[in-house]
Every structure is written in C-alpha cells, then in structure tokens.
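Single chain ahead, by itself, as structure tokens, in the form predicted on its own.
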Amino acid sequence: MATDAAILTAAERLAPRPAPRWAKALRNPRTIAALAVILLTLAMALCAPWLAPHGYKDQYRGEENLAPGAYLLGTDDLGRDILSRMMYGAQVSLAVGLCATLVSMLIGVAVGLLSGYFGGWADSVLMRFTDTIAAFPSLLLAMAITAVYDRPHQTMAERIAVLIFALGIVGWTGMARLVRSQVLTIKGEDYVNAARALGAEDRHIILRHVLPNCVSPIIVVATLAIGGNILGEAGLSFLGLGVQAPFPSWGGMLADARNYVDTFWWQAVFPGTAIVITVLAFNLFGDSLRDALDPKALK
C-alpha cells in the first residue's frame, strides 16, 4: 500500500499541471490587444512632457485649422497641435478614471462588507441608502456635485479632485451590491464558522476570511468601472464642468470642436476615437478577467 501511495504521489508530481487562469487569459488575442492599448495610453500620459511634439497650450499664428499632415493630427482653431493636446488630455482621463474607481471601490466594498456580514438593521439601513443613491441618474448627480463645488479660479488639481469625488460618490452602489451578495454566501462557509467558533473577532473574520474571497469579482467590476469613469469625465468636461482651458481633456477637446465638425472633422474625430478605444479596451480587459477568474467558467 505504501508503495502504491508513493507511486501515486510521484505520478501526480510528474503530471502536467493546468495552466493558471491568468496565463489562459493572456493567451487570448482580445486580452492582449486590450492590454496593449491600456499600456500604450498609460505610457502616452506619463511621458507626455517628453514625447509631445509641442506644448499643450502653444499657439501657432497662421496655422489654425490645419488638416493632418505637417502636424500629424492637425491643429485646432487656435493653432494648437491636436496630438500634443491629446497626449496631455490622457493624463486627465486616466487620473480621473483610476482614482474615481478607487474611491467608489473603497466605499462600495466597505458598505457591502458591513451590510452582508452583520445583516439585520445594518443591512436594511445600508441597502436603503444604497438604493436611494442608485435612484438618481449618475451623470445628473455628478453634474450637481461638480456644480456645487465649482469655484472661480480653481486650480487644475482642485478641478480634478472635484471630478474624482463626484464620479466616485455616484459609482459605488453596484460594487456594494456585488460585495454584499458575495458576503452573504461566504459568511456561511465552514471556515468562517470555524473561525467564529474559535473566538475570532468580527474584524478579523471580515479582513482575513471574507474580504480575500471577494477580491476576484471586485477586480473585475473595478476594471469595468474605469472605462465608465473615463466616459463620465469626458461627459462632464464636454459640458464645461471638468478641467478648464488651457489644459486639455478629451471631453473638453470635443466641446471645442463641436462647431467645426462639418468643416474641420479631425478636431472632433481624433479625441472622440481616443475615448472610444480607451473605454473599449478597459471593457474588453474586464470581460477577459471575468472569464479568467470565474470558477464556473469552462476552460
């Protein structure tokens, strides 16, 4: 019997192990393309001061509204290089998208954990509050928040902070519901009951046993939320509630170009395309993560 057990152990050791889920996801061409776009956009934003051929507010008299050519993506109505402004605008879009997602994730995870784990009156109060926030149209609520905190002569950092706060406040409800549903399942597992029977405190159980088992869906939803927040920032900037001139944002560039769509198409097409491609890349990457991290998915 011992010999048979040793042979079985050796056979299991020599048997090929299944590829990790991450490796399977990275073999998907869709995932690779989405990740490449995300990394390229991130590199463009970080390296804009060194890679941009011109300053974002440099104006060249006599070279207004030039079609793509001498300037790779053309110029706008003030003679500013569109490519350079798009590279600097990526800083705003990614900063707001990532930081607003972090804010909404922190709020949503905290609310979901407390609501699902403790239940009772805490669950009722927190979920009714979540339903109340979710009842408001997200964009309108974000517009109201940015309008309330809008002040004359705000610095760029202050405007970005307001955008992050506004989008983070309105975007946490879906995360809270997801985490709550996960916690309701996890808190009945044997290892949680064993920890509770051994006298572990609720804080210890939540942080060491419940939260780690919610990480996978949190990552997936957060990745998808980044694209939504980038789109939200573009919408607010388009409406004049985001970053103000002369610093560019993709939504602001679209707003500046709305009167020239019929004549100088490149001023709207290139920033709009950047928004579409970036949001699509984050959504595709989030879908790939969901497929890779879903334990019920067939591989």
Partner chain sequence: MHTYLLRRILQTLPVLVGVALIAFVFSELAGSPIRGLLGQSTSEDIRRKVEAYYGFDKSRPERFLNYMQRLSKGDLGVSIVQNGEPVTKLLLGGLAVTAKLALGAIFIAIVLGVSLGILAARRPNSLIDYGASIFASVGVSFPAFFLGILLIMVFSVRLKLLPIGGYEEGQVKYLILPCVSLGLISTASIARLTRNCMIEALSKDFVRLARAKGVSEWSAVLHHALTNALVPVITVIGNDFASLLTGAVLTETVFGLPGIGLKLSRAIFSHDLPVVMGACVVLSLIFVVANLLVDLSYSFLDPRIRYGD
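Residue numbers count along the first chain shown, from 1. Note that the structure is predicted; figures quoted are calculated from it, not measured.
FYI, the form predicted in complex with its partner chain isn't displayed, but the following is about it.
Comparing 61-69, 31-39, 44-52, 229-237 against its partner chain in the predicted bound form, the single stretch with non-hydrogen atoms within 4.5 angstroms of it is 229-237.
Contact check for L289: every heavy atom lies farther than 4.5 Å from its partner chain in the predicted bound form. For the chain shown alone, L140 is a contact residue for its partner chain in the predicted bound form, at least one non-hydrogen atom being within 4.5 angstroms. In the predicted bound form, no heavy atom of D202 sits within 4.5 Å of its partner chain.
Of the heavy atoms in Y149, some are within 4.5 Å of its partner chain in the predicted bound form. For the options L114, A134, L83, V103, the one in contact with its partner chain in the predicted bound form, meaning a heavy atom within 4.5 Å, is A134. The listed set I145, I107, L98, L178 contains one residue whose heavy atoms approach its partner chain in the predicted bound form to within 4.5 Å, identified as I145. Looking at 252-272, the residues that come within 4.5 Å of its partner chain in the predicted bound form, counting any heavy atom, are L254, R258, V261, D262, W265, A268, V269, G272.
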